[in-house]
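As structure tokens, one chain now follows by itself in the form predicted alone.
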């Protein structure tokens, strides 16, 4: 394990490059380093990172995937459909490897539905489904995650309705759902039509675990 504290991880993740031209249709919002550090250390404390195969679905520029590697994952797969985001993720990987040496991270450019390698855990920040074009995308990602690992750490847009739904949705897939916390997630302005430089939304952090028979 290269990183010894949550704060240290947050600092190093804050130095990584973000999206060059974020695509609104893909809801490409960079995972803030402080939120990423909380997610990853929670998974670490539950023994789902170190020496494990970790998958990041919709890995974007690699924040969660690279963070998992720095916390001692045996292998990390970052799955991302956008080739430009993969390019930035590879730059971030190269940057970290100049500091820490070779990291066990593989970025794969494909639709998450085309990825079939199973792992021990999934840590992801999927699209929140806030746009018409991406409605319910988080559920699609979650369903895919259920098929790939027994432990899932994921972010979802907050609403009381979605909280009830996610618990039922997990149960249908034979998973339990545990709400670990709620973050104020910054959506930085990316287009001229966006009037505010930063808009904050509430995002729930969930832990899903398969219910063994």
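Residue numbers count along the first chain shown, from 1. For clarity, every value in this text was computed on a predicted model and none was experimentally measured.
The next section is about a form of this same protein that is not shown, the form predicted in complex with ligand SAH.
Contact annotation: ligand SAH lies within 4.5 Å of heavy atoms from the stretch 59 to 67 in the predicted complex, the single such stretch among 46 to 54, 59 to 67, 146 to 154, 169 to 177. Shown alone here, residue 162 lies farther than 4.5 Å from ligand SAH in the predicted complex, counting heavy atoms only. Using a 4.5 angstroms threshold between heavy atoms, residue 126 counts as touching ligand SAH in the predicted complex. Contact annotation: residue 205 falls outside 4.5 Å of ligand SAH in the predicted complex, judged by heavy atom distances. A residue is said to contact a partner when one of its heavy atoms sits within 4.5 Å of a partner heavy atom; residue 141 meets this definition for ligand SAH in the predicted complex.
With the partner omitted here, the residue from 110, 90, 117, 99 that has a non-hydrogen atom within 4.5 angstroms of ligand SAH in the predicted complex is 110. Taking ligand SAH as positioned in the predicted complex, the residues of 67 to 96 that bring a heavy atom within 4.5 Å of it are, in sequence order, 79, 80, 81, 82.
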